[in-house]
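To begin, one chain is listed below as structure tokens, in the form predicted on its own.
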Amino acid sequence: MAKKKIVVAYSGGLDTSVMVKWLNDKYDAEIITATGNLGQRSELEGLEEKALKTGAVKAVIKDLREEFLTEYVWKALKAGALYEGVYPMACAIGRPLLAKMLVDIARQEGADAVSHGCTGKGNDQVRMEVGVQTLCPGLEIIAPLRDWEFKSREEEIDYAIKNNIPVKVTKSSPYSIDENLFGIAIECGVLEDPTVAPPEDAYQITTSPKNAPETPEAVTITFEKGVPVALNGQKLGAIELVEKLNLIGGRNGAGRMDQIENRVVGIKSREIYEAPAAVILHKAHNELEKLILDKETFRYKQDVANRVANLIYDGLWFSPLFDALMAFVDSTQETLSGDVKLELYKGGIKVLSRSSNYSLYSVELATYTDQDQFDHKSSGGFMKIYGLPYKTLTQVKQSASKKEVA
């Protein structure tokens, strides 16, 4: 009888490293590790060798950086999707792509199941499993962290040491770090106490605003149909543009977030994020929308942005509502082309200029100089009509009140 085949979403971190050995022992199965390169740095070094040494029969590593940015990140950026108004959701955006990768590899390898290293109270279990279920309903999903005997990361570290599993995490520095091109999420350790400020060693790619350069740095971002295509006048591919913005923003202390957020399962968590490129791009994109979109579309899109952010965060990327809302978003981006110049200084981001051939801003209508072409006299009639429902409402209330008294 053929052995069971399990495709494991593998990062090489503590949880997934322990998982490979644990699954091998528990199921006596062939373990195939699957890793998506979304722009994480050191985690990819020696990953195949590490997976095989830990007990995997095969290690698959796919470069998904271009697809991640162009097919996933740019959609969220065009939507203006910021979870709870702040978080650019770098990790959440990557999960549906990783779920798709798992399904693709499972089909290619003829696997019976896929497995992930998400915890039972985290968001990623929802994103991964709902994604897999939607894309391949018949595929079994195994979630060791919900079932195994380890009660803490310290116990996992002990297991790793006992079984000669190489892991970088230590008991004295137990941060859990999740990284891709669009941002980094840091949690665990002292960060679990919301009364404690994040230690400086928790940050990975940003300079402390206190230590950032004393001279401001300006960047100009060019958008075409809502997508960033150039930096400081130089046309760049998606990967290079984001990498450069991360470096520029990082050295100026931009993109740090310390957030209390509502997880999918209903608990609150404290998360530390670094996302220089994401924060800069969202700021620039929003400024361009203010310049180009008409009032009612802009206002309605604010509601859509919040709904899209919730769908992404809650693991519903592959849903009919997400597709429908993105159709609306794409229609709003047809004229979203132009330049936005920003100034970065010690963690702050200031707008210096915005320009577009599709700008709805008219100096002749906005000015208070003698160049003013706005018809002020027309406003009198407009005020009467605009305020009429509320004037009528008050008159009716007053009339009714008099009748009750009488």
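It should be emphasised that the depicted structure is a prediction, and the values quoted were computed from it without experimental measurement. The first residue of the sequence shown is number 1, and the count goes up from there.
Keep in mind that the form predicted together with a small molecule is missing from the display, and what follows is about it.
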Segment assignment from 298-306, 89-97, 241-249, 202-210: heavy atom within 4.5 Å of the small molecule in the model of the complex = 89-97
Considering only heavy atoms, tell me if Y273 and the small molecule come within 4.5 Å of each other in the model of the complex.
-> yes
Does the small molecule come within 4.5 Å of any heavy atom of A185 in the model of the complex?
-> yes
Does the small molecule get within 4.5 angstroms of any non-hydrogen atom of E261 in the model of the complex?
-> yes
Non-hydrogen atom contact E289 with the small molecule in the model of the complex at 4.5 angstroms | no
Looking in the model of the complex, is the small molecule within 4.5 angstroms of a heavy atom from every one of W74, K78 and Q333?
-> no
Partner-free chain; cross-checking the small molecule in the model of the complex, the single residue of S176, N310, Q133, T220 with a heavy atom within 4.5 Å is S176
